[in-house]
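Below you will find one chain, with nothing else, as C-alpha cells; this is the form predicted on its own, and questions on how it binds or moves follow later.
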Amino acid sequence: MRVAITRGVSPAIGRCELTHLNRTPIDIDVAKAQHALYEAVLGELGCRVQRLDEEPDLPDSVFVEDVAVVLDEVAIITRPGVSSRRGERPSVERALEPHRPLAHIREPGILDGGDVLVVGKDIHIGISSRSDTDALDQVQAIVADHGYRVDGIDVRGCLHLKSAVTAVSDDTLLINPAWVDPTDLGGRTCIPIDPSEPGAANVVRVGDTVLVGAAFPRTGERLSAAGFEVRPVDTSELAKAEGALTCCSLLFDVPDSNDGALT
C-alpha cells in the first residue's frame, strides 16, 4: 500500500517564505480547491491519503515534503533551512512514527526535503540556500548501513534540487539543464524540459503515472512522446508560494497490513 501524507493549506500561506519569486496575492479558496484535487488524484492512483490538520501559524506547512525524507528503512526528519518552518516537524513525526524508525538532522545542519532526490539507491542532495554539506554528512551517517550512495549537487537559479530535476522512472529523470548539471546525476537518461517552461521539471511519479503541472503542457507532451502516462494537475496558486507538485506530499510504501493511524 502506498501512503500519501498531506496537510491542509494554512490560512496564513500569504506570509510564506519566498526566495526567487516576488510576493503576489494568493487566493486561499482556490489554493485549497487545487490542493484537494491534488489529493483526490493521489487517491485515484491508489494512494491512501493521510491529511494532517492545517497549521494556522505555519504559513508554509502545506509543503510537507520539506520536513522529512522517507526511505524504505528510515524516515529522516529534516531541519529546514528557514527557522520559521521548524515548527512543522512534530506533527509529521507523529504521522511517520507508526511506519518507520525516525532519525533527525541536528544543528547546525540544514536540510529541506525538496533538496533530496532519491532514485534507487542514489541519494542526491542539492546544496542550496536551504540545505548544506553538514546535513549531507549527517544523511550519509544515517544511511551508512543501508547501501545508499549520497552525493551533493550544486543548485543554481531555483529554490530546491527538485525544482530542477525529478525522477519519472527508476532510470529516467526530467531535468532543467539550466539549473542543474546532468553530468552530476549518475549517468541516468535525462529528458530536458521544454525551454519555455523552466519550472516544469518538478513532477510526481505514482506507479506508472507522472503528475505534471498543468501550466507546463509542452513538457507534458515530451513525456508522453517518451512513453509516459501523464496526468496534468493544477497547483498554480501554490506555485505563488514557491510550491510545486512534490512539495505537497510525502509518498512511501507500507505493508498492506499496516493501517497505522491513516484517515
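Numbering starts at 1 and runs along the sequence shown. Owing to the predicted nature of the structure, the values given are computational and were not obtained by experimental measurement.
From this point on, the text means the form predicted together with a small molecule, which you will not see here.
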4.5 angstroms heavy atom contact with the small molecule in the model of the complex for residue 9: no
Residue 159 within 4.5 Å of the small molecule in the model of the complex, heavy atoms: yes
Residue 114 within 4.5 Å of the small molecule in the model of the complex, heavy atoms: yes
Non-hydrogen atom contact residue 124 with the small molecule in the model of the complex at 4.5 angstroms: no
Option from 190 to 198, 234 to 242, 42 to 50, 221 to 229 whose residues, in the model of the complex, bring a heavy atom within 4.5 Å of the small molecule: 234 to 242
